[in-house]
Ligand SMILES: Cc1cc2nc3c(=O)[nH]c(=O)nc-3n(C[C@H](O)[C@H](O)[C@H](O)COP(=O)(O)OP(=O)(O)OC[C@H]3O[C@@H](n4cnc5c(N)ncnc54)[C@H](O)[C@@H]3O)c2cc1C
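Okay, so here's just one chain, in structure tokens, the form predicted on its own.
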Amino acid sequence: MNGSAGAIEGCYWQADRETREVSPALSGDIKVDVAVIGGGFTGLAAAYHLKAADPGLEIAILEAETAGFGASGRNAGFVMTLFGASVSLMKALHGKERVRQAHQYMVSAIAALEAMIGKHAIDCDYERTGFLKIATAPAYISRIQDEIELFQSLGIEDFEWLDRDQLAARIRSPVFLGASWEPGCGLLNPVKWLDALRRLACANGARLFEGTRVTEVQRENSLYRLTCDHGTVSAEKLVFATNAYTHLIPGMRSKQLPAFSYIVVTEPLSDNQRAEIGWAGREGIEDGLNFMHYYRLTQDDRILAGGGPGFIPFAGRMNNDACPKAWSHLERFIGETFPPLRGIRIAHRWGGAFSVTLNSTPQIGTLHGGSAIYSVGCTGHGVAMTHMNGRIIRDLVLGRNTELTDLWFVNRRSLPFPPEPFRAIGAKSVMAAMALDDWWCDRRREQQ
């Protein structure tokens, strides 16, 4: 495979991406110490950390498309502390102490990301903007304030409630009733961050093979044999860094399922439009719905908005990157949230899949006595998490017992997804309940 890196259709981050040569596809048979399947944030971070820890390791990264073709090249670039689907769900499933540990892990992940950006002078448009979780109905005020109280009860003072007037001093919308303010979060350009990880991993000696789809994984004695279209890879250790695509690998189908999210980006805002809505702090924003909306400003002052009604395909089908209904919803959402922007031109539209586990909790684990490692279930919050997960994968590959490998979500037993059609029935039932809750909360707001 030759030429420049393939663009994701409609994706804003790809629009001004500098052309780079695609790494050649695998041709022939090779033997390595570690084979990494997947060239996104997780796979590249794992390869980088492994080579930094043991430069003598032979590492091959096998990517079916081009590096970052999945969620790593399609996300909104939020660098945030949210672990799992929501704080309330994590508390209900795992208890308060594990919520505290997970939050600390994410704080450490952001610190490590910032340190890496500084150490290597990475240009990825990183901004420490802080994060607002906004209430647009009274029910969401209670929900968000309960989260703040939970964190405060755990000794975490990173969150502050802003009332309607305090929030309006930052950003103005007639539907904003208040928000949680978390200053320790940020924003970046995910494709620039991905390209930096790619350069660092390859500069340290990892070999990246793009356009190299793994069609079969076999265990032969003490080695893994990976069959690709035009060659094979033999490896002592194997890393599944495939996230939303993991269910396509034989034997891994039950560990996660793909859920699709969609994004639109407006044309650049004028000075008058910016003045109408404020947003001088450029904070990343999310609302309190179950099917949350997330939005931010880009470097050239466009609004990126994503989320809303989610979509989980039957049998894990991955050909759902386009959804005109979701894009229309987001266009209306921008106008309803910021009336001065109603009718603004949408310049970019795209979508893609992220990984969800049965309990919406990220999972990192080992198989076959520790010779294979997998990471799934970032639940759309993986920008900072995947970089830190790469360190856990490093320690697991090297057989180290560390504070990272002792974390409660590493090698934790979890229930598998059932086969179809029960998987689809369960997913649709959960999504229907979430949508009904959102409708009820919004309806009560409209009645007041």
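Everything numeric here is computed off the predicted structure, so don't read it as measured data. One-based numbering along the sequence shown.
One more form of this protein should be noted, the form predicted together with this ligand, which is absent from this view; the next part is about it.
Asker: Only one of F354, F176, W327, Y105 gets a heavy atom within 4.5 Å of this ligand in the model of the complex. Which one?
Answerer: Only one listed residue qualifies here, and that residue is F354.
Asker: Taking this ligand in the model of the complex as the reference, which of T337, T266, T361, S72 has a non-hydrogen atom within 4.5 Å?
Answerer: In short, S72.
Asker: Where, among 414 to 422, 399 to 407, 376 to 384, 48 to 56, do residues come within 4.5 Å of this ligand in the model of the complex by heavy atom distance?
Answerer: Contact-bearing stretch, as computed: 376 to 384.
Asker: Given that this ligand is not shown alongside this chain, does W181 nevertheless sit within 4.5 Å of it in the model of the complex, heavy atom to heavy atom?
Answerer: No, W181 is distant from the partner.
Asker: Report whether the minimum heavy atom distance between S261 and this ligand in the model of the complex is within 4.5 Å.
Answerer: Within the cut-off, so yes.
Asker: Does the 4.5 Å heavy atom contact test between R213 and this ligand in the model of the complex come out positive?
Answerer: Result yes; R213 sits at the interface with this ligand in the model of the complex.
Asker: Please run the contact check for F83 against this ligand in the model of the complex: heavy atoms, 4.5 angstroms, yes or no?
Answerer: No - in the model of the complex, heavy atoms of F83 and this ligand never come within 4.5 Å of each other.
Asker: Check each residue of 26 to 43 against this ligand in the model of the complex and list those with a heavy atom within 4.5 Å, in sequence order.
Answerer: Sequence-ordered list: I37, G38, G39, G40, F41, T42, G43.
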